[in-house]
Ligand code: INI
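Shown here is one chain on its own, the form predicted on its own, set out as structure tokens.
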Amino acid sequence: MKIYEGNLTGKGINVGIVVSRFNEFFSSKLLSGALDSLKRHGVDEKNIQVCWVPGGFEIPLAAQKMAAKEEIQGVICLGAIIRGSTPHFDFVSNEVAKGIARVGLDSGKPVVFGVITTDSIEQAVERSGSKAGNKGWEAAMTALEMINLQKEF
């Protein structure tokens, strides 16, 4: 039996991060968590490229451009979409999720969904570094594992 499994080693890995500026209070905390995770797992700071975009809807296009770069082995997508009183939340969050998934499938590279979608500001606080942890940290761990798993095939 052959078992394929990635690991969390970051040495020699090149990562792109796309971050939404909208709700920047939360997305900057997600970015800090992702950067901390990557560095603690051995990714050299010079091997990390960060791209800021205006909002969540713009994440997939920037992720596509980042994934097209030969040196980039995986892309982490970060942002915070918080439900308001209109259906805008549903449209944006659905399209961002579909777009990020499409970039991963089209590029053949790990493209990680680290965009928090919450019903309230309180939930965003919880997911960007308080009692529910930091989803940016978790997205970085997922990226490392998937990048290393890609090497197994």
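Don't overthink the numbering: it's just position in the shown sequence, from 1. Note that the structure is a prediction, hence the values are computed from the model and not measured.
FYI, the form predicted in complex with the ligand isn't displayed, but the following is about it.
At a distance of at most 4.5 angstroms from the ligand in the model of the complex, none of the three residues 18, 52 and 113 contributes a non-hydrogen atom. Think of it this way: in the model of the complex, the ligand has a heavy atom of just one of 66, 92, 103, 48 within 4.5 Å, and the residue is 92. Mapping the unseen interface onto this chain, residue 88 counts among the residues with a heavy atom inside 4.5 Å of the ligand in the model of the complex. A residue is said to contact a partner when one of its heavy atoms sits within 4.5 Å of a partner heavy atom; residue 75 fails this definition for the ligand in the model of the complex, lying far away. Mapping the unseen interface onto this chain, residue 134 falls outside it, with no heavy atom inside 4.5 Å of the ligand in the model of the complex.
Mapping the unseen interface onto this chain, residue 23 counts among the residues with a heavy atom inside 4.5 Å of the ligand in the model of the complex. Stretch-level contact check against the ligand in the model of the complex with heavy atoms at 4.5 Å: of 121 to 129, 56 to 64, 103 to 111, 36 to 44, the positive one is 56 to 64.
Although the ligand is not shown here, in the model of the complex the stretch 60 to 90 places heavy atoms of 80, 81, 82, 88 within 4.5 Å of it, in sequence order.
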